[in-house]
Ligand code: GCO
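Single chain ahead, written as structure tokens, the form predicted alone.
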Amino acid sequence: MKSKSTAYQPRPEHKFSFGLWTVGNRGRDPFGDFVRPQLSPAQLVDLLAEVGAWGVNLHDNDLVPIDAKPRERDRIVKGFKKACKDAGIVVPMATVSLFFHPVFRDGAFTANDPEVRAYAVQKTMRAMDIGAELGATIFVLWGGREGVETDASRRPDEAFKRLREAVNYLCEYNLDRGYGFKFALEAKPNEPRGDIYMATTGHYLGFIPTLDHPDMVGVNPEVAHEQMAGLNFLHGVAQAWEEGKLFHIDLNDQMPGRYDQDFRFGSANLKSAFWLVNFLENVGYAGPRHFDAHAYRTEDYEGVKDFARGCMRTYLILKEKAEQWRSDKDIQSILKTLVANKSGAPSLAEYSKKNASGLLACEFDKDKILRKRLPYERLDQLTVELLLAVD
């Protein structure tokens, strides 16, 4: 049996990753300047290797300056690739910044200015080139400024058409270059715009079937982005999984109704984090577990390491708790009772005229059904006690 000091150590098979923008976040906010010095991408890779991470993700401009010339770009990418190889760190995902530069003040793919839209697609293509060179297989698209402060700006259906046109173009580029990327669309309800298009994972799941290559496109749900709007993150993840569209996931934490906090995973809503880990492990999600979070602004880089270790350690602790939950005799006995079909109720798994006739002829005793116990209080309490390690 492993000791507590080694039981929650990250290993490559856990596929824990962090973005350069996460561990490299210097603590600047709208009310205060930087509190940590800038580290180079290679230094951040070394930091991730030290804490036991498996992968590093990046926006194009986390690595290559926005106005870099081709020779400088090639030198930087080559050096970063070597740094990752030397540190034993992989690059599973790449993305593009279409939100930081002021040119994107009115959005990128949905902007009113056709020149901005064309530049946004060009910039994304070049970011795909970088990601492919580094070995990434997933490309995330977050429309950080795809939205409005006033709907006088444009008709929203025109914005959706522009978004579809851009994603279709990028899918064709992906095919033309043979990159093999899976695109993962990331939703957010608000911030930095007043209202952002495609506000939830569900919005994107409705949008994807309208694309020319829907098989190439899935979603990248983020804990904070759903919880900041008071939504149940697990439900969005489960819907994406059930539809075969959970290509990537961003783990962090968030208090509902607040600004985008990007807290350490499990630090604010432990029980919801548990249900998420329980689901991912139960269904066998095999993709990266990416921590899109930031250390507190009060920390130095030793604190950033504590933050990164904490994200991974909490996930592994909750993974162990999930295994205990799924093997707990009392919990499983309740669950088995809840789904048992002792009455022989007609199956709804497949429609036929015969089955429909049988269902229509069935007589249901509503009073008897009402007397069946639904012991959810007991089930939830057992879960709480398991999380609290109560014997």
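The numbering used is simple: start at 1 and walk along the sequence shown. Please read all numbers here as calculations on a predicted model, not as lab measurements.
FYI, the form predicted in complex with this ligand isn't displayed, but the following is about it.
By the 4.5 Å heavy atom rule, the three marked residues E186, H225 and D260 all count as contacting this ligand in the model of the complex.
In the model of the complex, at least one heavy atom of W142 sits within 4.5 Å of this ligand. At a distance threshold of 4.5 angstroms between non-hydrogen atoms, T124 is out of contact with this ligand in the model of the complex.
Taking the partner from the other structure, this ligand in the model of the complex has a heavy atom within 4.5 Å of a heavy atom of D292. Contact annotation for Y285: none of its heavy atoms lies within 4.5 Å of this ligand in the model of the complex. Segments offered: 125 to 133, 155 to 163, 199 to 207, 92 to 100. Contacting this ligand in the model of the complex at heavy atom distances within 4.5 Å is 92 to 100.
Residue H59 is the only one in 43 to 77 with at least one heavy atom within 4.5 Å of this ligand in the model of the complex.
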